[in-house]
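Just the one chain here, the form predicted on its own, laid out as structure tokens.
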């Protein structure tokens, strides 16, 4: 093939309608990804920019000078941020575990057991979607106060030990599991609890992983409720601690940005580790729901 023919073939492929559509789609998608990524780049950039450079004013993508003094201060000389990170990790982990156990048991009882009022209970759970969360703050606070749980981890964990979203997702998923598996297990002498623990839960690993990831991230980012029920800086979670640092160091943007970067890093790592499971679970749920 001559050079002229090759050039004509290349031009023909580049002007093909499908090729132009894919190029435009990639351009839009990568452009949107870059737009979402810019704030994080700016946050890390300001965290390593000295105050003397910031005080000079002006906008820059790459700072003329860099320093990791603030990172060193938070990571090695101020252990309080580790305490806040541990509190957040502990609360998010326990909340996620309890939500998975309670929601899966509720969904199992609704879809696999026979008892009167199943539809009514499911309807009440679904109707709770319509109630704004802020409406429950004062009643929840009075209950937690009466139980003597203020200023404790359980004040944050117990009010969210079950949620309608998890029940709804698991009910939809459990209904798609063939009943023949359950009948075969009964013939082998399985009890209801063994069917739940050894058949239903292993088959539901994808949706449980997705739900656990959602609950963990949501619990990690909780701010208003922990701020209401906690009054001890040793029990604060990372989101509250970061706001406290921001108020104390309002004239040091690099310090604020460093604390925000440290607070967001764990969730970023969690997402990188579990993103394939999250995406596949959402796709599967969309296909079966």
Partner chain sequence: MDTNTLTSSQTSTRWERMFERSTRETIMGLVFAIPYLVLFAAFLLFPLLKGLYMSLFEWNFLNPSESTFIGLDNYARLVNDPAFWNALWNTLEFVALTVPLIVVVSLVLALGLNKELKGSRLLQFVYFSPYVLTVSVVAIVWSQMFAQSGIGTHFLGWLFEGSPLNSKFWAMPAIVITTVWWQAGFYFAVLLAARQNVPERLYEAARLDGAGPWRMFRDITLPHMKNALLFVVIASTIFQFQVFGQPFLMTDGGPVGETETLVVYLYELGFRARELGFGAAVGYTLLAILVGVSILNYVLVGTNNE
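Positions refer to the first chain, counted from 1. Computed from a prediction, not measured in an experiment: that's the story for all the values here. Take the two forms, superpose them, and find the largest set of C-alpha atoms that agree within 1.5 Å; that set is the rigid core.
Just so you know, the form predicted in complex with its partner chain exists too; it's not on screen, but the next bit is about it.
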Is it the case that residue 172, even though its partner is missing from this view, gets within 4.5 Å of its partner chain in the predicted complex, heavy atoms only?
no
Looking in the predicted complex, any heavy atom of residue 76 within 4.5 Å of its partner chain?
no
Do residue 20 and its partner chain share at least one heavy atom pair within 4.5 Å in the predicted complex?
no
Taking heavy atoms and a 4.5 Å cut-off, does residue 162 contact its partner chain in the predicted complex?
yes
Based on heavy atom distances of at most 4.5 Å to its partner chain in the predicted complex, which listed stretch, 203-211, 145-153, 172-180, 76-84, is the contact stretch?
145-153
Can all three of 98, 108 and 196 be found with a heavy atom no more than 4.5 Å from its partner chain in the predicted complex?
yes
Give, in sequence order, every residue of 97-125 that has a heavy atom within 4.5 Å of its partner chain in the predicted complex, or say none if there are no such residues.
98, 102, 103, 105, 106, 108, 109, 112, 113, 114, 115, 116, 121, 124, 125
Would you say whether residue 38 is displaced between the shown form and the other one, judging by a C-alpha shift of 2 Å or more on the superposed rigid core?
yes
